[in-house]
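What follows is a pair of forms of the same protein chain, given separately as structure tokens and numbered structure 1 and structure 2.
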Structure 1
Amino acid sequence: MAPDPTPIPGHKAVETLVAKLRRRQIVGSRQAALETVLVLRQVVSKARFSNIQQLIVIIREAGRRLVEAQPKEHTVGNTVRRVLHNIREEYHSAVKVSAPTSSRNVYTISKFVLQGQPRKQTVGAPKSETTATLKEDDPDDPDSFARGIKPILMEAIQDVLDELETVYDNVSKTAKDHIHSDEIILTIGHSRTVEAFLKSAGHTRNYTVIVAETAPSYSGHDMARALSAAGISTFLVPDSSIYAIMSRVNKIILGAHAILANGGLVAITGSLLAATAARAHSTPVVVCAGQFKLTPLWNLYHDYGALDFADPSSVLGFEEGKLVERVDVVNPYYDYVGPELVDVFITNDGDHPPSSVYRLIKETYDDDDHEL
């Protein structure tokens, strides 16, 4: 294969992360998102550009390489889209400082719909002083635009990094409003976001958690150990008992691998079983996830379209020689849970029903970046 004639700035960092993603050396959505932000920060710091479009092309190319390395790790693409959104936002703010402002404000329905929550602004005068001298495509000094705007763009990327680093605390801050004393909570598998959420509520509430063991990965064992060590009353049950105990359960709390644009989610295997049993018993289903898991994709294919598959030998060992020859063993790692089975998403930006996910995605990403 011929080498790329126009290598990406920070090429080594991008290729290192590509290799890690392909080999599954990065485990967990948040870790993948953090690694992606750090690599994009290197790409921006080393990039040479004379206008904002050149920088966007560079970031999109780096993002495309990362997404192709592991298409089913959705948080990688989400993080690239979020960085692009923040960079455009900071660029437009910088341009607006030196551009003459119109005294006439035009209000339209489309502008009202597209207007999201204002991002936090970094206090300090150097920002406006730097932006006042910005000039794109300067023939005398092509690098002047990059020098002037890079400090602002680094702040935009740092915002994304700060959000990822504090996501567990921000999701957990409303835990005591959702979990009450003497409740019985069911969860499945081991989600660090759900673990932090339950531990936060455990400081002020006495309640019981039932953890489904999530065969064949048995990640529920790790969750049960972590909650028990935190002093929370915890029971570990096999997956086959979920429907039988559902009548005693007050609430189901699930983690998510990705939240799709239609309000559905991709979650650990067994989540669909638990959510369907909850619907039969009118038990509320709560999903805890950071906003970096919002994915501007619909479930376009069938229920297995966005799923990943694990090693089938953990379901049926190769020592069962005669049987293995006669059956095809499928071991899906994730379930697709439809929006009709979910009551509320708890994110680091508050609580939202499934019907509001499209609005959150509209606020978080730009339409141009849905396809990298």
Structure 2
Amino acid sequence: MAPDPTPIPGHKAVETLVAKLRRRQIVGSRQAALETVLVLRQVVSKARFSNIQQLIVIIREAGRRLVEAQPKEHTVGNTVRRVLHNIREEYHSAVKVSAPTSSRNVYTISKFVLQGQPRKQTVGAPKSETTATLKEDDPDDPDSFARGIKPILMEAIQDVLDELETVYDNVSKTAKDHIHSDEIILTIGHSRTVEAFLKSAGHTRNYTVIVAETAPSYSGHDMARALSAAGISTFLVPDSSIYAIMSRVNKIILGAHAILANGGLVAITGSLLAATAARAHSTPVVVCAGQFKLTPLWNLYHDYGALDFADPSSVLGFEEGKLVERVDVVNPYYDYVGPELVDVFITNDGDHPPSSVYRLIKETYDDDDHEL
């Protein structure tokens, strides 16, 4: 089935999500990822296909629509890639392609060097093979393949969903190894992951958090409220004093909107300020983020618009009539923080330095899905 304009199965759900993403009715990386999984599950359950390639084309088509709708919610694309990856994997294990799939997840640098891009081969190989249990392209019963494999695929999608649902817990599992008693931690913005991480550390450790208020969204206020409600000693400071207090800070914990392939990250505005100040004081910078934020893109820092410029009203009120006419106000929502400013990423898949993010990405997604 060629990628023709015939409507994607579950078309309506896709279009609804597209509209919501465009209108920013769904914001936040986890929320977007969750909605994407739900829609993809619907697409798969309604899809009609007689071999795996057709299904993949369908999913990619749906994914492309979603990503185009809102290229700035990177987790949408990531989730689509993840689902594709899991589907392929389940498919391969289902049709029991012996050799390549068994070593599929075992990746080392050395193997990488030796094999080049093993993924291409493994994906290409099973196309011709058929097994007794699952027969592709059955001319008598074109739906038999779909019937046979759908339960497995739904399970694969469920895995992605489960991972998203447990991501906070898994990220904060190791919190007490990173935060020690009597430390002073600085954070910025209101990232749920960071909040869960700090709260989890708060169960066992007695430490202090300084929250930068994160103008102009002032999401730091919510963060400070949430943390102090959990019994953690919390200070709220203006963004301008980040540098001044940096000498007292033991560690900076940042949330991320997206982690890029080069080890840099897109995070709420002010993060760059904090990370740069930390560099000047050699304070370690820790980034807490779920694996679903790993994004196989690396050139975003060239892209001015990627910082997502929101409306200027939180910087300059619309009622300042005369000023509005004469002043150009910009209100970037995100900062790009380069890999050289980050010390470690804490994910639900373990801790990684920025230099190995590319490897995580290789493991998580298939190469040929990078461009949807």
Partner chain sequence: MPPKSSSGNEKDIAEEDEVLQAVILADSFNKRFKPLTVGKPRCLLPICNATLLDWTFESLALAGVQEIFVICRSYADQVKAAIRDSKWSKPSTGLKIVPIVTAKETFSPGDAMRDIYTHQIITSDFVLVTGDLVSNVRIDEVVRVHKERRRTNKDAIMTMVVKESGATHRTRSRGESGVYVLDPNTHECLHYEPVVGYPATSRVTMPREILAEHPEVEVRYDFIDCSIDVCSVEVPSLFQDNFDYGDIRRDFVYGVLTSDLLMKSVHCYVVKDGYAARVADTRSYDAVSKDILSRWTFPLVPDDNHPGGHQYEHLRGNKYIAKDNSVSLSRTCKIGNNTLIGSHTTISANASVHASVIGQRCTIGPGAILRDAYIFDDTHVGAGAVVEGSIVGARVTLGDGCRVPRGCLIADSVAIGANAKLRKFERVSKKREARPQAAGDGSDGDDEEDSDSELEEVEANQEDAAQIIGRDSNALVWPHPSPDDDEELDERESFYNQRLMRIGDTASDLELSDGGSTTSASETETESDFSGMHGLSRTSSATSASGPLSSAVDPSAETSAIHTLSSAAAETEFRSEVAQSLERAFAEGHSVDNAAVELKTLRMASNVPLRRVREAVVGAIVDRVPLVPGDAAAQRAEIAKIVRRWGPLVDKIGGVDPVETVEVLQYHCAAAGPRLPLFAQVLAQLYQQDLVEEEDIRAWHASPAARGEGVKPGSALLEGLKKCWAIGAKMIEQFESEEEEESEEESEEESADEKPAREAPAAKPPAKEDESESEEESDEESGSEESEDAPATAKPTAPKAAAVSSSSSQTSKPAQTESEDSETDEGSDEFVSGEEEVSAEAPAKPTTPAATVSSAPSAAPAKAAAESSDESEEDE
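The term rigid core refers to the maximal set of C-alpha atoms that superpose within 1.5 Å between the two forms. A quick note: this is a predicted structure, and the numbers were derived from the prediction, not measured. Numbering runs along the sequence of structure 1, starting at 1.
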Worksheet item: Which of these two chains, shown alone, is the form predicted on its own?
Response: 1
Item to complete: Superpose the two forms on their rigid core, then report whether the C-alpha of residue 68 is displaced by 2 angstroms or more between structure 1 and structure 2.
Response: no
Discussion item. Once you overlay the rigid core, does the Cα of residue 317 travel 2 Å or further between structure 1 and structure 2?
Written reply: yes
Fill in: Core-aligned C-alpha movement of residue 327 between structure 1 and structure 2 reaching 2 Å
yes
